[in-house]
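As a starting point, one isolated chain is supplied in structure tokens, in the form predicted alone.
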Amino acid sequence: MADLGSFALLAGLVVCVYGVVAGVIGIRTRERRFVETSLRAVRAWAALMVLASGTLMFALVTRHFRLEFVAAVTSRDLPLVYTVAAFWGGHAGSLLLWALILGLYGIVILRVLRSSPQMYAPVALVLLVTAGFFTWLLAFTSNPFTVMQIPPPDGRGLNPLLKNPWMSIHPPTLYLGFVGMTVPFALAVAGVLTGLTAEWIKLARRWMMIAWIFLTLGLLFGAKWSYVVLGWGGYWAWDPVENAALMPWLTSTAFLHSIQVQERRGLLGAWNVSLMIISFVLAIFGTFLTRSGVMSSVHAFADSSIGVYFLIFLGLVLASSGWLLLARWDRFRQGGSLDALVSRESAFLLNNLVLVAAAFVIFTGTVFPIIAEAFTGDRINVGPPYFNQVMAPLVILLLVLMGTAPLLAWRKADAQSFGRAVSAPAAVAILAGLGFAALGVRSPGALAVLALGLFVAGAVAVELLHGVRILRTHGEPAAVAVGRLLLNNRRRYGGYVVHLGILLILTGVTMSSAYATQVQVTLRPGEQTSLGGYTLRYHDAQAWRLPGLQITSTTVSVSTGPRPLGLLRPQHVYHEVQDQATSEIALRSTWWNDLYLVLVGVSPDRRATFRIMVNPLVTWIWFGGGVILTGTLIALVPAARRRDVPEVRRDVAVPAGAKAQ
């Protein structure tokens, strides 16, 4: 198995080098045979990565402890689901997963490009260069097929923190987003080289949406894992690895907005290519932070010396793509300019600047400790206070833009029409803010997010009504008009659904951050305590042993007023092989709040210490993720527009005398 896996990696590296050489010759000479050779190289490399991955998976499942990687991440008592998850539970396996996903993406995009054969060679070249870098890392610095001379009778086992269903799906989902950034980046490079603007824009937008939704889900799955496994009661701590995934999410979100301006007006071409370069670089940078060991993080389960190679690769990508952009700069001067400052184009551009600014301040806070340590020898930590203070005003500005941009016309907005459109959502936001304040919401940030969230929702409703009114001037009944409007404008209204999902997440994050309550108490059996309307009574503690485990469990009954709500059983687990303790939290979730119970410890006289938290609206975060997924799927479905259905545009006015039929 070791020989087969190592052969696949070395052969994959040879194929990549051969394909890159053929691709460069094909681009320079326009010889079809060399282009076809580079395409076959992509497919052959992907097949070799499938072979290497299958070999490693077989070694994991069969507990082939002669491989150092298998011995480090599995054991004989590890359940099958976590044995499979062990593939990406270690450093070398996660890099192989990166390569496997890239290979599968490469096969699919080359099939899609059959309708645009001119883009074959540049796309294949970018894929092969990226593939060659990761294959070289796997073959020479992080080989998962390294053999132990004396294999152990049993493996060390998977990190206890990874034995959770959310962690089983979080890394592959996140990597589908990270690796997915390679495809739109390759399409952007191909578009710049070939001048096929319309083709690369259409394909890049769709592929970026696919990478974006995987990145979104990966972030949410990671937040859920942190919430239910780590036992600290939160889901986001501005951890460096969390930030590494958020940064490309922000820049790719900016791209998905500004690409609409280029599609419709031919503007922001160079800006969109720049965003694509930045998103790809940040995706590689995120992999660097996760797998280099350069940052201290609960999410970074690797400590290796490959960081310098990542930095070299990042430098080469920035230098080469920047040179290409500057060399083709004249192609981007033909798109014209903004007609007015008050327009949808300007709102999208401002939206982009805010998103990129957010990515920049997060990047600065993330890398500052490394830079400070390099110059001073002391690591200066940048904690949540910095990120919260700089991000709060940016989030509020984004909410304002989310509400106003749909109500602005393209090219130039009419002040009177815009005022009429925005007046109703603004009134709702003001009244809602006053109402929330009267109900006891005192946090300025919470009031702003709640009020602006309703402003955005109101703007979506106004935009929907505007489209229905236009269709009804053509004699459509109301119900038919709504249905046809949604079916024939899936991309636009799918985007609005995504916005509503973002609002739910921001509401949950804001309220759970501003109004979470917690207490740490020590109780004797039979004693009780109260928090947030809940009464908790501690009954008893039990301790027992399983192979390699020492488990302490407690029983706590929960009630609200006279109504019993059931039993919670938080546990404390000590893993003997890893010499590591974990907390098995007890959680009771509702739409309005979460009761979160952690067992801190039990004394010899059976007194138990608990950390109790009541976190409001956390469930809204996870539900918001489902709404975002729904909206993205709607937007990805091509709209089969019929000729008799007029395009609904904000710059198309309803006739003055039009009435509902």
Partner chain sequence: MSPARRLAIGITVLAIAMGIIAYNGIRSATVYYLTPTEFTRRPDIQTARVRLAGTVSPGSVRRANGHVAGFMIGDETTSIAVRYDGPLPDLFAEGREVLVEGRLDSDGVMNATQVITTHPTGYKEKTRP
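Here the structure is a predicted model, which means the values were calculated and not measured. Residue numbers count along the first chain shown, from 1.
Only in words, not in the display: the form predicted together with the partner chain, which the text now covers.
With respect to the partner chain in the predicted bound form, the three residues Met167, Tyr386 and Leu394 uniformly fall within 4.5 angstroms at the level of their nearest heavy atom. Screening Leu338, Ala327, Ala198, Ile312 for any heavy atom within 4.5 Å of the partner chain in the predicted bound form leaves a single hit, Leu338. Only one of the listed residues (Ala270, Leu398, Ala409, Leu230) places a non-hydrogen atom within 4.5 angstroms of the partner chain in the predicted bound form, and that residue is Leu230. Per the 4.5 Å heavy atom criterion, the partner chain in the predicted bound form is contacted by stretch 518-526, the sole one of 496-504, 546-554, 518-526, 185-193.
Shown alone here, Leu138 lies farther than 4.5 Å from the partner chain in the predicted bound form, counting heavy atoms only. Gly93 falls outside the set of residues with a heavy atom inside 4.5 Å of the partner chain in the predicted bound form.
Within this chain, Met148 is remote from the site of the partner chain in the predicted bound form, having no heavy atom within 4.5 Å. The closest non-hydrogen atom of Phe87 lies beyond 4.5 Å of the partner chain in the predicted bound form.
In sequence order, Ser226, Leu230, Asp239, Val241, Glu242 are the residues of 226-246 having a heavy atom within 4.5 Å of the partner chain in the predicted bound form; the partner itself is omitted from this view.
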